[in-house]
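In the form predicted alone, a lone chain appears below as structure tokens.
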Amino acid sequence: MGTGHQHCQHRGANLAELADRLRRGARKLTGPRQLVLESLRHSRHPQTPKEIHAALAGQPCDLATVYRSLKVLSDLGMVQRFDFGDGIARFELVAEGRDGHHHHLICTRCARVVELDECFLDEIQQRIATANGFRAVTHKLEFFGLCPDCQ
């Protein structure tokens, strides 16, 4: 299936590289965007806007600004949004040159998240698209279960 690891695909990016990506998207690295990027850059798993806001405690960045910053960063393809089935949006940084496509294994008890390295659905996706006359098909798939610590 795929090998699991803790989320780390973006850890090599430094703030200067992230600022450059924003400028190429005709955007500035504002204070709030910098704070949100730093929070995501240091996170080991996708974060909710409220988790990002809590991590910025004491910084001049309210929750509405976190949402606006995430929208801009998402529109530029710098962050990806995930929904783990609980209706709460989570975000993580996407490494430059990658499309951010991957899957997660989520513990239903403690919410531990393991990122899966490979996607085995490409052939199935293409078959479904062809059979139904669709193009530019993509998919989202998350796996749920009990982690070793919760069993």
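Don't overthink the numbering: it's just position in the shown sequence, from 1. These figures come from a predicted structure and were not determined experimentally.
Keep in mind that the form predicted together with the DNA is not shown, yet the notes after this line are about it.
- Across the proposed site, Arg27, Lys50 and Ile88 without exception bring a heavy atom within 4.5 Å of the DNA in the predicted complex.
- Judged by heavy atoms within 4.5 Å of the DNA in the predicted complex, the contact stretch among the candidates 56 to 64, 118 to 126, 37 to 45, 103 to 111 is 56 to 64.
- Using a 4.5 Å cutoff between non-hydrogen atoms, Arg23 counts as a contact of the DNA in the predicted complex.
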